[in-house]
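Shown here is one chain on its own, the form predicted on its own, set out as structure tokens.
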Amino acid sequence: MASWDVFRELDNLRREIDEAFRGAGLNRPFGTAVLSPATARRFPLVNFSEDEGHIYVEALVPGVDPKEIDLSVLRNTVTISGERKPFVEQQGQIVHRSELGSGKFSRTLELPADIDPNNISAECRDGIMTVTMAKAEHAKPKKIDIRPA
């Protein structure tokens, strides 16, 4: 059973309002930065899928050192947290845009099934972290043979 989260509801409302204005050809004049407090809850962006035996999370973490990412699993949730370091301006350099965003982030995803906490792996390549979690034996589908009567 999913719990009600006021911040998630407010974030959904904000996205719906943004979509409504975008559909009218208007954009908000000051879009939120990638890792502002409002959007940090949605960073990193993820793909979330499952098959018969595993649950997969692909998280977009460009510019984040994999050693700086904290991945934890507690019951039916997985949390990805870390920090994207800020852009460092070099002496004599003129910065025209700085849109990449920086700061701490943490995202918690509710898993659709129980997992085996001893059978989780994660790797990071080209800014995408892939987490593979084996489903707990009791959460895997079981084929039941039907005997003719």
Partner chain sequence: MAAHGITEKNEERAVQSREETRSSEKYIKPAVNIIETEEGLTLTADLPGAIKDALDVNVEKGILTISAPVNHNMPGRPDYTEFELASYYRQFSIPESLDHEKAKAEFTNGILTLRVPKAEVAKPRKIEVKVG
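Here the rigid core means the biggest group of C-alpha atoms that line up within 1.5 Å when the two forms are laid on top of each other. Since the model is a prediction, treat every value here as computed from it, not as a measurement. Residue numbers count along the first chain shown, from 1.
Separately, the form predicted in complex with its partner chain exists; it is not shown, and the next lines address it.
_Proximity of residue 134 to its partner chain in the predicted complex, heavy atoms at 4.5 Å_ = No - in the predicted complex, heavy atoms of residue 134 and its partner chain never come within 4.5 Å of each other.
*Close approach of residue 128 to its partner chain in the predicted complex, 4.5 Å, heavy atom*: Looking in the predicted complex, residue contacts with its partner chain include residue 128, since a heavy atom lies within 4.5 Å.
*asked:* When the contact criterion is heavy atoms within 4.5 Å, does residue 63 count as touching its partner chain in the predicted complex?
replied: Yes, residue 63 is a contact residue.
*Report whether the minimum heavy atom distance between residue 121 and its partner chain in the predicted complex is within 4.5 Å.*
No.
*Within 91 to 125, which residues come within 4.5 Å of its partner chain in the predicted complex, counting heavy atoms only?*
Heavy-atom contacts to its partner chain in the predicted complex: 92, 93, 94, 95, 96, 97, 98, 99, 100, 101, 102, 103, 104, 105, 107, 112, 125.
*Would you say residue 125 moves between this form and the one not shown, meaning its CA shifts by 2 Å or more once the core is fitted?*
No.
*With both forms fit on the core, has residue 138 moved 2 Å or more by CA between this form and the one not shown?*
Comparing forms between this form and the one not shown, the residue 138 CA shifts below 2 Å.
*asked:* Taking 2 Å as the cut-off, check whether the CA of residue 90 shifts that much or more between this form and the one not shown after a rigid core fit.
replied: Residue 90: C-alpha displaced by 2 Å or more between this form and the one not shown.
*Closer or farther in the predicted complex, the Cα atoms of residue 49 and residue 14, when the shift from this form is 3 Å or more*: Residue 49 and residue 14 sit closer together in the predicted complex.
*Are residue 105 and residue 11 closer or farther apart at their Cα atoms in the predicted complex than shown, with the shift being 3 Å or more?*
Relative to the shown form, the pair is farther apart.
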